[in-house]
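First comes one chain, alone, set out as structure tokens in the form predicted on its own.
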């Protein structure tokens, strides 16, 4: 952990930077995988399962028997927890459903906009060191609420050819039946282009390792829609002299244990509190099963003390964190000034893990500073907005001259004529 006490503004650019990932060696590998899947379909997917997951798959689609086995063997307490989280997530996302907007902009000119679901969506769920069944809820529930007609899910199997039972339970709870035992960049390629078994989708969602991330970036550059640019997970925790140090330390470590490339940032107005939290982090770290992962992530962490409130606000927004936790005496004072963050957690008793699992908000969020321009996954992510307009004969008379003048001045006479010939017909009919 690196500590900075009242760093000059000239140093801010360095402090606001993320760990630099060199993807130059990844993309040739990714391109080869994507091309192989496009050319060879299911055969290549089975070959990659053997190569990367050490499993020989007879079929890619999860069967009803595998679903039933997972449902029978899942722990009852975990089942109830997933059901409670699902209910909260559905409540919050249902409230986001857009309404149809209809307005008469001038007499006889009616415009409206309605939202329609994306027809085919693909969900990627990591299944490695931490099988993210919670991400199934975060992606599948809004897709279902949006009424997307076809939802496809890909997740890698274990060495026995099985997908984690909690992932299967969560998927079935969300009404998903198309689940395929495919992981990594090859899963992204399969959903992007389709194979004999896996259908091509219109948009791909979900987190993953550096290969999955690179594959999403690559297909996005080729015009295939993805949820958002992604990078390593991150958190900024804002504290003051009143913050309970164990709370802050636990929040920092909860993000650090995600992966070795995660970044955690502590922003304080008190040097003493900063040092107190640092000691607490070291103590809690020793108790974690993922201690080694968290320790490497902490190497990318920064503990920063800025005594001036306005400077703290500016630094916080310039960083644009994926997760922003306000563990301060007057959190609303900070919250009211937040303009750039993926998701904000307010007060002593709102840990970031609540949003990760069960409060109702979505945990699929923009990282790497993309919160400056991107939102986290929400109902709009699964829908398209289509505009409509209908103009009556009188409406065209009312607006026609405006269109003609603008089209003529842009030297687009066919545009003008499309109005003029209609107006001429209307005038002729009026004289009859």
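Everything quoted here is computed from the prediction, not taken from an experiment. Numbering follows the first chain given and starts at 1.
Note that the form predicted in complex with a further copy of the same chain isn't included here; everything after this is about it.
None of 35, 54, 402, 63 but one reaches within 4.5 angstroms of a further copy of the same chain in the predicted complex through a heavy atom, and that residue is 402. Just one of 68, 387, 39, 59 comes within 4.5 Å of a further copy of the same chain in the predicted complex, counting any heavy atom, and that one is 387.
In the predicted complex, a further copy of the same chain sits within 4.5 Å of a heavy atom belonging to residue 217. By the criterion of a heavy atom within 4.5 Å, residue 327 is counted among the residues contacting a further copy of the same chain in the predicted complex. In the predicted complex, residue 14 stays away from a further copy of the same chain, with no heavy atom inside 4.5 Å. Interface residue remark: residue 407 is counted as part of the site for a further copy of the same chain in the predicted complex, having a heavy atom within 4.5 Å. Only one of 300-308, 263-271, 175-183, 200-208 lies within 4.5 Å of a further copy of the same chain in the predicted complex by heavy atoms, and it is 200-208. Annotation for 371-396: interface residues with a further copy of the same chain in the predicted complex are 371, 372, 373, 374, 375, 376, 378, 380, 383, 384, 385, 386, 387, 388, 389, 390, 391, 392, 393, 396 [heavy atom within 4.5 Å].
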